[in-house]
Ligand SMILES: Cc1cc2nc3c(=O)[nH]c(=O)nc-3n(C[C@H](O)[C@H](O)[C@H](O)COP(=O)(O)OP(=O)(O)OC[C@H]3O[C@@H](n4cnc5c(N)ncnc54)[C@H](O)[C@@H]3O)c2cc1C
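Next up: a single chain in structure tokens, the form predicted alone.
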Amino acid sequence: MKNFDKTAIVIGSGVGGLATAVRLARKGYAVKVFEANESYGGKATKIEKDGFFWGFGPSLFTFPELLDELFKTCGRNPRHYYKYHRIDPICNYFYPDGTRLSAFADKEKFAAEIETKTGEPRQHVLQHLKRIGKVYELTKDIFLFNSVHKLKTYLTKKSLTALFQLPLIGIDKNMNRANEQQFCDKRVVHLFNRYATYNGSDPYLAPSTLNVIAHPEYNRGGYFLDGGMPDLSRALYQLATELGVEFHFNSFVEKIIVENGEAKGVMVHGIEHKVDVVVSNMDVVYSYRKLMPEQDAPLRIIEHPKSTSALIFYWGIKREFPELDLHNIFFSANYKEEFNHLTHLKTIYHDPTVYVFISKKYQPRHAPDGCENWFTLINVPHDAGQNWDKLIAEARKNIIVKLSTELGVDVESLIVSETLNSPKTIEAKTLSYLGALYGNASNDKYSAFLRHPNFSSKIKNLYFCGGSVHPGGGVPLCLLSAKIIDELIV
């Protein structure tokens, strides 16, 4: 029987917040979660309309062992809460010159596919995958599984070994340069450059260390949760409630109460809730500016350039496309110019790279018979005061022209349901500052150190989780932010 002699509040119920609530409850804390929206999940929620189902945000499931480990730590069988299986192919790629290739789950088959379709020697691909696997093993204990802001992280044999192999890690060249040195064919360069977008960065600026982002998919496998990514949030919520976590929805936290340099609780609807530990899953910029405006914010971190965002059309399509799979990428004809528009001009290129995710391919319940649910996304800049109505209208037209040309059909005539998300709506729903999906951008070699730590160095008993803080955005990293907090709270 738990004593619950310690209390905690988690602000926000995104993946990081849910996982943190679970870990604190397992520690014996009485945990309350305050969520501004009417339900849990943050970006990993669902949209249902006209018989179609879409996940709001994340679509690819990697590192499933991180989620499994959390459930096992709590004495639960993960398979009683969710199921997943490996996908193959991982993604289909479509190029403007008519090239089509599939990223197969088997590395040898994937490398052979690239050689057949582009002429790029298969060995170049295998060498690249081996290299990023080694970089992952060298860096994971510094940049992912531990606090990069604690000295003890660097005082291990593995950490010291990694620091002595900085040239291999690749912080002194950008992703594109490294990939151009590795590959002869620009189509293959673009394929691996695109992994910069997984944390909202620019491959022509971001350090080549970020090539490691492709490691989970190609060296460990991509997966599909049987209910889609919202199933992850549902499973975490179910586990949290079983452990006694108390959820309060439609409850916007107005203030983090700080007294004598210590977090004492929060204020919600004008009522103070005093606890021993406060964890903010709210975007770190808003955590300071909205909840603690009187506290000194770490300006170098808070004011760091922000990541890109997304423009997403959730389309119900009244036809099935056998040439499409779960994940599909339609590349721009000028990838570098697309990123020039995103990073420097803060607008949308007329020929964007388009990502189409169709969960109906693996889960028939997600669309009516004979139909498909298209999650259609392009990368866009974060909100910097652009005329979004104009940009969205132009982008929609350009996306439809691009997909119609590639697929040989009038896509617009097939759309029977439509929902939209843009930087403005993403910010409104999730309080992601400026609609940036991943907090700070990672476009320089020091970016990993310019994420806010998972703790406050000035305010005792205040912690931070989620995609805007260390180790970064995306489901696996949000789960790791919760694990780091678990280890920081003694």
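In this text, all values refer to a predicted model and were calculated from it rather than measured experimentally. In this text, residue numbers run from 1 along the sequence as written.
We do not show the form predicted in complex with the named molecule, though everything after this point is about it.
Within 4.5 Å of the named molecule in the predicted complex, a heavy atom is found for none of Gly51, Leu324 and Ile329.
Shown without its partner, this chain lists Ala36, Leu450, Ala30, Ile459 as candidates; in the predicted complex, only Ala36 has a non-hydrogen atom within 4.5 angstroms of the named molecule. In terms of contact with the named molecule in the predicted complex, the residue from Leu210, Leu377, Ile358, Leu191 that brings a heavy atom within 4.5 Å is Leu377. Shown alone here, Val253 lies within 4.5 Å of the named molecule in the predicted complex, counting heavy atoms only. When contacts are judged by a 4.5 Å heavy atom cut-off, Ile415 does not count as touching the named molecule in the predicted complex. Taking the partner from elsewhere, Leu24 is found to have every heavy atom lying beyond 4.5 Å of the named molecule in the predicted complex. Contact between Ser442 and the named molecule in the predicted complex is not found at the 4.5 Å heavy atom cutoff. Note on the interface: of 391-399, 112-120, 175-183, 245-253, the segment with non-hydrogen atoms within 4.5 angstroms of the named molecule in the predicted complex is 245-253.
Residues of 39-66 placing a heavy atom within 4.5 Å of the named molecule in the predicted complex, in sequence order: Gly41, Gly42, Lys43, Ala44, Phe56, Gly57, Pro58, Ser59, Leu60.
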